[in-house]
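Okay, so here's just one chain, in structure tokens, the form predicted on its own.
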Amino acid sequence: MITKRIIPCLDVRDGRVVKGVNFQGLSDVSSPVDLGKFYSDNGADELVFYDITASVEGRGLFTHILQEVASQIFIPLTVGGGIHTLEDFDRVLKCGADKVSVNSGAIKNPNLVLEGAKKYGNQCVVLSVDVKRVDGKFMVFAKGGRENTGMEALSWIKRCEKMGAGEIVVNSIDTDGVKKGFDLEMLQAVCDIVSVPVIASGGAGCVEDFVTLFKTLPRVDAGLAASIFHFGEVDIPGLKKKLAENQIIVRR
């Protein structure tokens, strides 16, 4: 079994980490620099930094904050928010990102995935997909989960994998912040159609949710969460210990 990764996510708005439920009702949590350093020092395998209102506000990502975060951590950093061009890729990579996450920018211009993979390599391009059930179908949402694109999620994910996305982050809007467990049905559907790593996002509420995720869906490579880590409900060393006790391979 491949080593499983535990990834905290920093959703950043106006320079602060925020968190909500079902992508709504965002509340202030902490400084991204302080939180990023804490996670880097306390066993996180990677860190994700999303400037969650960059696309909605039609601006570039806050690079000065990103530079501060990157200077404080010693684990791989994935960055997203307001990524619409290859220049945006270049900008965040120069600020210290290891991988670039595309979402709304790829929806507007699917060739962004192709161009990014061609210039920087598949391993650098992460497709982040915000997915919600609409009339029983998995649909892609844009602009921080505010806008139904009308695109069916599975076909979109498969298309982007073919264009060079080296990793897929599946954000379930239905389970986001609810803390009732990962969206196993949605994740299974994605794992069935792609061969690149799949990262589960949305719904983690306790250590057992991660155990269930990796036991039920061994094809999932990583579990991503925010509030349960931010508010100390789950600590990463304890989570990894529990996973190891359940014969799930993790980095210690």
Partner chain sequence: MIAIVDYGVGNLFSLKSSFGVIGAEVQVTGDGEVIRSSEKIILPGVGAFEDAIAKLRKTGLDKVILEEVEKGKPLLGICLGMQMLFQKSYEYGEHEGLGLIEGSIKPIAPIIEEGLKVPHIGWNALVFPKEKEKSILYRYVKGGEFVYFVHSYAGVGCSDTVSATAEYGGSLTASVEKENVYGTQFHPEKSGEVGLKILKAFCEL
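Positions refer to the first chain, counted from 1. The shown structure was predicted, so the numbers you read here are calculated from the model rather than taken from an experiment.
FYI, the form predicted together with its partner chain isn't displayed, but the following is about it.
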Of the options 123, 155, 148, 85, which one has a non-hydrogen atom that comes within 4.5 Å of its partner chain in the model of the complex?
-> 123
What stretch, of 177 to 185, 75 to 83, 138 to 146, 101 to 109, brings heavy atoms to within 4.5 Å of its partner chain in the model of the complex?
-> 75 to 83
Would you confirm whether the three residues 42, 130 and 203 all fall within 4.5 Å of its partner chain in the model of the complex, going by non-hydrogen atoms?
-> no
Interface membership of residue 97, its partner chain in the model of the complex, 4.5 Å heavy atom rule | yes
Heavy atoms within 4.5 Å of its partner chain in the model of the complex: does residue 196 have any?
-> yes
Going by a heavy atom distance of 4.5 Å, is residue 134 a contact of its partner chain in the model of the complex?
-> no
Would you check, heavy atoms only and a 4.5 Å threshold, whether residue 248 touches its partner chain in the model of the complex?
-> no
Though the partner is not shown here, which residues of 207 to 244 have a heavy atom within 4.5 Å of its partner chain in the model of the complex?
-> 219, 221
